[in-house]
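You are given structure tokens for the same protein chain in two forms, set apart as structure 1 and structure 2.
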Structure 1
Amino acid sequence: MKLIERRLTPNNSPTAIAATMLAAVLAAMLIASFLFLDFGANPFAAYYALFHEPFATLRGFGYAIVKATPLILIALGTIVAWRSGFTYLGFEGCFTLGAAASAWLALATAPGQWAASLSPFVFFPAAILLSFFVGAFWSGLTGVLRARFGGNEVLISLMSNYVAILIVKYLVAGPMRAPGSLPETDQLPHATWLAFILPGTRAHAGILLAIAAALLVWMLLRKLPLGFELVVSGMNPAAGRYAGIDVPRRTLFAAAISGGLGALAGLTEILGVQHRLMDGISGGVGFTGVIVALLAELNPIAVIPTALLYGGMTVGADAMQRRAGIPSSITFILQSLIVLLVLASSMLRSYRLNLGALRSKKEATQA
């Protein structure tokens, strides 16, 4: 009798799932502790810094909301695409292009420009529509290649990120460049900034847009016939076709919505945080958003707390860097280790610890 034996069917009870996931998170934190020790820091102090600032101080919580906003929108884009069977990974590009589109419209409202008389009541809806359509068009290109020609959307969308980033790099170095030394645009007019919503913090109205989007995506996927068709196309394209669903058309639709949501993430970053367009604003958020969606098990509502937790850890990492001198890149390690170990934790549920074997072994030695 073996001490650890394989189960015929994995134990997938809620308790087992919760226990193995918790074990995975603790294991990831334990591994990261060794890194903290290596940098001469006390792991307890490091974890305290990581979680205290974003979740126990108002200023830190405001920053956590700021960081969570684009993550929520990108995660929602991921959910719409992936649940429809379209494994899109082009959010870095959508984010950057959405940021550029909203910056362009905002700069056009500066005095003397063609849209100078635009009231904020027109500007914000117009900026949202414009960014959304730019993102939808961009991801739609990948959607067409997949739906019409059967191209591999995973690689095409990964590649398209570099193209989008280079396009925006060209824009800020050339046509949209402000007079001055750095390749960046002018600061956007104050009237185009998203309002700050928590006094004493940097949290801006973009979070309201993100929450509204989460509710809309939840409604689309759970309540509307169109969403049902999308999910069916994703789960089983053959069954979808048999049921009379135009699967390529649904794929294209899902691609467009998903890219549009990714572009709105760029809008919130530009109008809410940066207030000017420059090179390299995405900084990997397009991939982090995908990871957030996966951790939330592609559930549009669960995305909100998950993104807050993830965004908070990013804020905490900066605090950790200031206080303990630990490079904030360690949070990349911690975050991705958590995801990988949570994925691997399903293995634990396929095995069972056989305490009976231990006992019989003891009896055997005593005998």
Structure 2
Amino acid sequence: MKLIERRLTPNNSPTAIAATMLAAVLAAMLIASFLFLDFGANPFAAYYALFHEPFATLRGFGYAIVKATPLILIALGTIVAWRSGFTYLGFEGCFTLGAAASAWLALATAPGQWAASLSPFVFFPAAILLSFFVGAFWSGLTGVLRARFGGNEVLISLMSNYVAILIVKYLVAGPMRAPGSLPETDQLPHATWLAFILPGTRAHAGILLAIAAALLVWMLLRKLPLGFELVVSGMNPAAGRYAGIDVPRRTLFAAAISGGLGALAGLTEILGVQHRLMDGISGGVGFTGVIVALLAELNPIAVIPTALLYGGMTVGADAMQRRAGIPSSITFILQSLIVLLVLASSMLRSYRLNLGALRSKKEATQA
């Protein structure tokens, strides 16, 4: 009788998922602690600094929310796309174009411009719709190539990122460039900034938009017939077509929704944090959001705490560098280890410890 047996089906209960993820995180922290020794730092003190700043201080928690907001929206876009069988990786481009669209409309509300009379009650819904439409259009192009012509959406979406980034580079260096300044736009009018929701912090109202989007995506995928058709189209397109589902149209719909959510991430960054458009504004957040979605097991609700943890660790890296004298690059190694081990931890749910075999072995030894 084997001590470890393979299950017929993986144990995907919430308790099992939480236990294996916690074990993976602790294992990653244990492995990374050996890297601290070269710098003469106490691993316990380093980890205290890493988690105390973002999760035990109001100012640090506000920064963690700021970091988590775009990650939540991009992770939600990833979930919609990937669960529909559309492996989209163009969120970096959607983020950049969404930021550009919202910045363009915000600059149009400056005194003397064509939208100067636009009130904030009209501006914010209009900016959300505009950014969402731009992102949906951009990702929809990839969706059309995949649904109608069978193109490889992974390669197309990755290449589209570079095109989007170059478009924004052209805008901030040409038509939208502030006179006599660096390649960036003027500062956006103050009335177009997202409101700060925690006094004394930089946490802005974009997190409310992200939470609302998480609830809507959860309802779409779990409660609505359209979401059921999307999931079936992703799991087994042949079965979906046999059931009468228009799989190419569902793929195109998923592409548009995912790109729109990615563009809203850019809106929250430009209206909540940067307040001006500049080159390189994304900084790789489009790919980090995909990692957050994978860590959350493509669960729309789980992306919220996962993004907060990921964003908090980014904030805590600076505190760890200051207090423990450890380079922030160690934190990136730790984050990479967590990602790798958490993704590998799903394998553990396919096995179980046979306690009966353990007792039999112990009794045989005593006899």
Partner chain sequence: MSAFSQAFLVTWLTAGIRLGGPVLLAALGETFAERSGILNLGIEGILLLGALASYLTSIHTGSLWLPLLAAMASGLAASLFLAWMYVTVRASQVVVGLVFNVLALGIAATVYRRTLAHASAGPIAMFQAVHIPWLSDLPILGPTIFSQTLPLYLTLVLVAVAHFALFHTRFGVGLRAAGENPRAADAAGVSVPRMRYFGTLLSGAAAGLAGGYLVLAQIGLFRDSIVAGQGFIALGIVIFGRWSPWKAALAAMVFGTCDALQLSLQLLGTHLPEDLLLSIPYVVTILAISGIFGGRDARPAALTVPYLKDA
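Just so we're on the same page, residue numbers count up from 1 along structure 1's sequence. These numbers come from a predicted model, not from an experiment. In this text, rigid core is short for the largest set of C-alphas that superpose within 1.5 Å between two forms.
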| item | value |
| --- | --- |
| Which of the two shown is the form predicted alone | 2 |
| Two-part rigid motion between structure 1 and structure 2 - turning angle of the smaller part, in ° | 18 |
| Angstrom displacement of the CA atom of residue 45 between structure 1 and structure 2, core fixed | 2.8 |
